[in-house]
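Next comes just one chain, in structure tokens: the form predicted alone.
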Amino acid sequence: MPEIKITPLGAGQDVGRSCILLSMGGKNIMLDCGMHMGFNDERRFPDFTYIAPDGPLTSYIDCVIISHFHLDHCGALPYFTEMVGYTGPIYMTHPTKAIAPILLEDMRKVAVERKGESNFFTSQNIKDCMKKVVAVTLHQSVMVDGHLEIKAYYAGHVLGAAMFWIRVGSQSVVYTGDYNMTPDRHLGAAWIDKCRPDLLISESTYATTIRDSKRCRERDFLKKIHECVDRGGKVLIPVFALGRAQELCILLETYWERMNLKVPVYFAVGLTEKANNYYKMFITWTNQKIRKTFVQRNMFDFKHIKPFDKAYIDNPGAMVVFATPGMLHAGLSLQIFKKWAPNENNMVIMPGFCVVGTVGHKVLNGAKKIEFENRQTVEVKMSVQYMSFSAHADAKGIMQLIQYCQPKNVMLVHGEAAKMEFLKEKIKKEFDLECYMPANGETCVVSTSMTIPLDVSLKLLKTEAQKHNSLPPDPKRPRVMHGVLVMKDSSMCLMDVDDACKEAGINRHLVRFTSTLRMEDPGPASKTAEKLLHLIKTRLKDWHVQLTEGSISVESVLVKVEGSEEEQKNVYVSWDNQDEELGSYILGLLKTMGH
């Protein structure tokens, strides 16, 4: 049986550093190439020595597919292509191709220029890496080579995020990357065909969560911010430059407008200005409402939200600040957090998932003191709130996707082991599907059934349809097609017998079977024939039965009665090999009458 092999180099029972090796039909595909936000040493990148101990990896990998621009999915790409060595094709959507290099450059600056790290890629590496990228459009079928085909589907989550359907021969896999099954204020919900892949590889960040109604969460979010600024406190909202940032800005902007609030709201610029320009550029990737209002005004031109300057950190009075990055692991959001954390009037609202090891993860777990590398400790007296505005599918969404695309097997990645285990059992129970959850470095082998594609001649299809339509409707009746399987070059076709003979240049031979029955029936043979005709007609109502020159014919089946006026009659039943079933049925019918 053909097999599909999957080995996670990252995101196996873990969130962060997504990188999955997929082997099927003799092709090797790398799905995402991310970095881990919780580590500052070599563990941040996937272990590429697993593929080959050293040297370039182009000969081992047929293509790389990047699902979206978040760094835990594309952060190791320049390292992989320029430092490890890979010159093959890399596929991603147009928005991902536009935005990924900006985020990579920003991360490089933080790591190299601020933290002084070595063994890191350069700005030139990022540019050279992006030259290898082939941008794909949604639903466009791309042939990587003669056998490997890929197609992207809309995944929601962030601008440009896509799920990928991958096919080699008769085997197919769907890789979801990160996706969101509920539409939000600026993006639509994920969507995919009923493509019935052999394997669905799904993220499972929120494997055990079923989120409450979005409206309640939004009301709660606005209420908490309003209460905090009313008492003169400062609110920090750590976000990633694209995605939740735009979502929450639209929410806050409309609330400030409605309530006529005067408290300043800032957005740490830099990345975000560029980001909003990309939202304007790729407006077709956003949802219906934004596209509609785009003609009158751009939803990303904010009236109440102003660019932030570092000098504002120590300003007195209330303010709301959106700052990057979202997990408080570096950058401006961490700088502001250090300044504001000791004041109990202030508040930090974490709107998304935080990876183990980040400051965000520590404060969410109730840490009251946080130590930093330079022996600096910060007391956390500010209010810490967690509100999931995360753009990942929850348990309900994952089950929904399985129902949509009807896979034969499911694999969970990008989640925590205990939560995955729970969802795995649920999937097995509800869908009766085999579900896998390999750890990093563990290879999973999925056996797939062999399907052989073949063409059917038009003549054969028409004949079958005619026959089917002439019978009374019955949804349970199987539709059987009789023909000859002709193999020519590497393709196969089911043909009508005469056409197949013509194609092969041979004369057609017919085999006829004849069976003789003895029947006790006084009177002339013609009378017996009429009785048989009546019997066959009543039993085969939908068939064309006729009596000509003493013989009854149904399709190729002939029934002939011979014998003198005495009781003993010989009944001959003969048929062609193609009407074997019908001939046997009529013969059985006459036998019962003979008795």
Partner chain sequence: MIGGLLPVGGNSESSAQAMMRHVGDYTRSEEARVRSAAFRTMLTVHERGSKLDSSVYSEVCLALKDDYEVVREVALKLVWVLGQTYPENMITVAESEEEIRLVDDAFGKVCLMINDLSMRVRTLAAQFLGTMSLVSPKFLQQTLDKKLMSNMRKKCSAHERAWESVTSGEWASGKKWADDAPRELVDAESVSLMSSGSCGAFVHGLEDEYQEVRNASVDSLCSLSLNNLQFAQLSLDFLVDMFNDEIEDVRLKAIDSLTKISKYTVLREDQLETILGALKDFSIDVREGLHKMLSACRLSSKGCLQMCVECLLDNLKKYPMDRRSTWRCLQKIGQAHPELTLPLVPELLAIHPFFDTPEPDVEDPAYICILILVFNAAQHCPTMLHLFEEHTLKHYSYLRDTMPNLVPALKLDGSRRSAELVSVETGTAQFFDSLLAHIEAAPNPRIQEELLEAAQRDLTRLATIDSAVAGAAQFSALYIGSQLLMVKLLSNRLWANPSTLATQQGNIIRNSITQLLQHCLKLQHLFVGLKEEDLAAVKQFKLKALALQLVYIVRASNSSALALCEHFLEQIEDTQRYLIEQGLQPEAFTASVFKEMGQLEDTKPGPVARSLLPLLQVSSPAPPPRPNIAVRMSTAVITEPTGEVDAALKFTAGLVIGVLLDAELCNVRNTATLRVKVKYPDQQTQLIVPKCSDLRPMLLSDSEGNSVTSDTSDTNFRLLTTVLVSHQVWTEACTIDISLALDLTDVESGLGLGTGLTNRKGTVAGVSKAVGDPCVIDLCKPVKVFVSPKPVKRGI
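Residue numbers count along the first chain shown, from 1. Heads up, when I say rigid core I mean the largest set of C-alphas that superpose within 1.5 Å between the two forms. Quick caveat: nothing in here was measured; it's all calculated off a predicted structure.
Missing here is the form predicted together with its partner chain; even so, the following discussion is about that form.
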item	value
Site check Met107, Asp145 and Lys381: each within 4.5 Å of its partner chain in the predicted bound form by heavy atom	no
Touches its partner chain in the predicted bound form: Phe302 (any heavy atom, 4.5 Å)	no
4.5 angstroms heavy atom contact with its partner chain in the predicted bound form for Met259	yes
4.5 Å heavy atom contact, Gln385 to its partner chain in the predicted bound form	yes
4.5 Å heavy atom contact, Trp191 to its partner chain in the predicted bound form	yes
Listed residue that, although its partner chain is not shown, lies within 4.5 Å of it in the predicted bound form (heavy atoms), from Val445, Ala439, Ala367, Ile210	Ile210
Listed residue that, although its partner chain is not shown, lies within 4.5 Å of it in the predicted bound form (heavy atoms), from Tyr404, Tyr312, Phe120, Tyr266	Tyr404
Stretch in contact in the predicted bound form with its partner chain, which is absent here, among 222-230, 78-86, 304-312, 340-348 (heavy atoms within 4.5 Å)	222-230
Core superposition between the shown form and the other one, C-alpha change of Met259 at least 2 Å	yes
Phe422 C-alpha moves between the shown form and the other one by 2 Å or more, core aligned	no
CA of Lys368, rigid core aligned, shift of 2 Å or more between the shown form and the other one	yes
Cα-Cα shift for Ser383 and Tyr206, closer or farther in the predicted bound form, minimum 3 Å	farther
